[in-house]
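Just one chain is shown here, as structure tokens, and it is the form predicted alone.
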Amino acid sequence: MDIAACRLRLTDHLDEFADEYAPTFQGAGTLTQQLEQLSKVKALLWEHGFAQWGWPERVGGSGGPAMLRAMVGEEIVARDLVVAGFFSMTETLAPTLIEFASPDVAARFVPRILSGSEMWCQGFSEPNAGSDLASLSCRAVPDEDGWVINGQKLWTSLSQFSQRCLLLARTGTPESRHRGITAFFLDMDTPGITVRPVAIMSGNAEFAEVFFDDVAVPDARRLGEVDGGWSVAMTLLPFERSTAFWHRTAFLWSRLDRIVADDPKDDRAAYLIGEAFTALHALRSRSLATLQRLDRGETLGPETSIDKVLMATAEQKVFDVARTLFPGLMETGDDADAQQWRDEFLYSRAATIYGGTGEIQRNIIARRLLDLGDER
């Protein structure tokens, strides 16, 4: 499939049906409005056959290279039709199901994710296991009918809105570290699951604590082998740093375009915008190389830590430039535009934390890519 021809077909469609795709709110909107908009856009893309591009036919897709998915998300995000991070969650969860679920399970659930009829969350981080997933303690114990899960997850994005959760739980001893973890997916309305939303700096309750108290899960909901959950996690995270990062880059370019369009009258503007442009160009170039490896069927590994460092750097730089060149807008502005800039600036502060902290990523780059030795 020719990417350029497909892009033209998609952009023509988005132009023709612009009113149908457009948000019904101004600025950032509330979290509920953002998620309603996300479901609407995904449903429209599915209805018109675009959400299927780049996904295997065996899970309801229409085939073609992964770059097609990247392009669709790029166009949607660049038009500010959805929150980039929410749209890109599909790019981490669906490939993981395709890789580790049975063919019939993948064929059943992946179309629901692609079409927006279901939302899934990712139960990885815990209060004492953020970037160090190997230390997680949420435990799954086998019983006659499957497994019983007890423990807690934290920073579980959109779990209060989700129908299902892809969960990592310890099935080995604490000392087994990454060798004693198993992956499951479970229904969020299962008895014993309690969700407590957590408000972030912007005031949105995008994250939540999730508690599991004697939650019964059939063994058919296990992904991969027992004690093989680390492989699931290491498959999911690189997907987060490939197609999803391409979408994120499109979002950041759109924000830099808005800064330039406002023509800030500041003698530092050209220098600051140039710095942000350079950071974004480096990120986009690196992200393109990662997508090309994905298209060739290559395994994505520790080298995607470079992508994560570049993404966090570029994101924070773009919003630092906006705050500098539009003094007072984020601090005291009270219209919808100011609120959106404020929310996005505050969220950018977490770019060096979520998905693996900057310190952890630099450790991986040093130890596993540059062979600078083990930690002492």
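Just so it is clear, the structure is predicted and the values come from calculations on it, not from any experiment. Each residue number is its position in the shown sequence, starting from 1.
In what follows, reference is made to the form predicted together with a small molecule, a form of this protein that is not presented.
A.B. asks: Thinking of the small molecule in the predicted complex, which stretch from 277-285, 298-306, 246-254, 128-136 has heavy atoms inside 4.5 Å of it?
C.D. replies: Looking at the other structure, the answer is 128-136.
A.B. asks: Which of these residues, Phe161, Phe207, Phe109, Phe86, gets a heavy atom within 4.5 Å of the small molecule in the predicted complex?
C.D. replies: Filtering the options by heavy-atom distance leaves Phe207.
A.B. asks: Quick one: of Asn150, Thr235, Ser202, Ser157, which gets a non-hydrogen atom within 4.5 angstroms of the small molecule in the predicted complex?
C.D. replies: The residue in contact is Ser157.
A.B. asks: Looking in the predicted complex, is the small molecule within 4.5 Å of a heavy atom from each of Leu10, Gln52 and Leu291?
C.D. replies: Not a single listed residue reaches the small molecule in the predicted complex, so no.
A.B. asks: In the predicted complex, is there a heavy atom of the small molecule that lies within 4.5 Å of any heavy atom of Trp46, even though the partner is absent here?
C.D. replies: Contact check for Trp46: no, nothing within 4.5 Å of the small molecule in the predicted complex.
A.B. asks: Is Pro23 close enough to touch the small molecule in the predicted complex, meaning at least one heavy atom pair within 4.5 Å?
C.D. replies: Answer no; every heavy atom of Pro23 is more than 4.5 Å from the small molecule in the predicted complex.
A.B. asks: Do Tyr347 and the small molecule share at least one heavy atom pair within 4.5 Å in the predicted complex?
C.D. replies: Because a heavy atom of Tyr347 falls inside 4.5 Å of the small molecule in the predicted complex, the answer is yes.
A.B. asks: Using a 4.5 angstroms cut-off on non-hydrogen atoms, would Gln122 count as touching the small molecule in the predicted complex?
C.D. replies: Taking the distances in the predicted complex, the answer for Gln122 is yes, it comes within 4.5 Å of the small molecule.
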